[in-house]
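Here you get one chain, nothing else, as structure tokens; it is the form predicted on its own.
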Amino acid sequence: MPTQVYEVLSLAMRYVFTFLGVMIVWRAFSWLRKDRRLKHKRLRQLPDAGTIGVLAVEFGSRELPEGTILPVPHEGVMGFLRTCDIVVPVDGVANEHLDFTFTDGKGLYVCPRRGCPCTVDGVEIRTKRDSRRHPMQHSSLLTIGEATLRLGVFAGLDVQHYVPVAEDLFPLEQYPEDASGPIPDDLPPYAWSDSEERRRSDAD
């Protein structure tokens, strides 16, 4: 092959490969943009996407009447301001009253901001430690300010059956769920976990 022809072909192939590279990048971006459009379209068709359940208002206010349904996302902020993820316009509710997050297999954890207490199933929540010990389950009651809200978790989500236990009767540090050895006789039956009940029945 003559040298001049080889040089011309090399130069031409350089432009061809550059063009192919540009086309590959352009097609990749076009596919990505198409996938994003389809994703947003699906989300618009599924308004409940990203939510784990609802909060039904059992006692509220004129702005938040009884029976109102509030969608609950996986995590966010609850408060008086309309910029919050869950808006509760009721007396006693701070602008940003509490943070919440859902953990599969555990429940919905609510952690109030400083000076903004709330109660879950009658138990006052003030710290993160309280929040970890008393996650909200299906049908749990949340009292925030003068509002009372009942949680409904969508079917298919894994939440455990949680029974609040008084700390003086069943301190978590003294009797963890995986503790071995005999079970104290003075513990009330509702403080036993399933594994402890089976161990006690086997011992009998």
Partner chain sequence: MKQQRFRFKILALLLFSLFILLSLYGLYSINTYGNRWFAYARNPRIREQKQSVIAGDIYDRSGVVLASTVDGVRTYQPSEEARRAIVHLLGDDEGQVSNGVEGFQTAYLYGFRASLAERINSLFSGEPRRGDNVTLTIDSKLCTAITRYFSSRSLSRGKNGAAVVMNYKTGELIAMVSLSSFDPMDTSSVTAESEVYWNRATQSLYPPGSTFKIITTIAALDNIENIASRQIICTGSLEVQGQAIRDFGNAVHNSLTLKNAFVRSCNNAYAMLALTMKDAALRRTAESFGFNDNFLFRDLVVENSAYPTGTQNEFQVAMSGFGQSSIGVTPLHMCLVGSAIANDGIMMEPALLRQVTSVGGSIRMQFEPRVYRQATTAANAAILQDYMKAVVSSGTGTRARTAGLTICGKTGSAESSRNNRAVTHGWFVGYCANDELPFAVAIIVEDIADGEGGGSTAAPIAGDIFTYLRDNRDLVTQ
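Positions refer to the first chain, counted from 1. Not measured: the values here are computed from a predicted model. For the two forms, the rigid core is made up of the largest set of C-alpha atoms that agree within 1.5 Å on superposition.
There is also a form predicted together with the partner chain; it is not shown, and the following applies to it.
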{"property": "Partner proximity in the predicted complex: residue 90 to the partner chain, non-hydrogen atom cutoff 4.5 Å", "result": "no"}
{"property": "Distance check, residue 96 to the partner chain in the predicted complex, heavy atom within 4.5 Å", "result": "yes"}
{"property": "Partner contact for residue 85 in the predicted complex: the partner chain, 4.5 angstroms, heavy atom", "result": "yes"}
{"property": "Partner contact for residue 116 in the predicted complex: the partner chain, 4.5 angstroms, heavy atom", "result": "no"}
{"property": "The partner chain in the predicted complex: contacted by all of 8, 12 and 15, heavy atom 4.5 Å", "result": "yes"}
{"property": "Shift of residue 29 between this form and the one not shown at or above 2 Å (CA, core fit)", "result": "yes"}
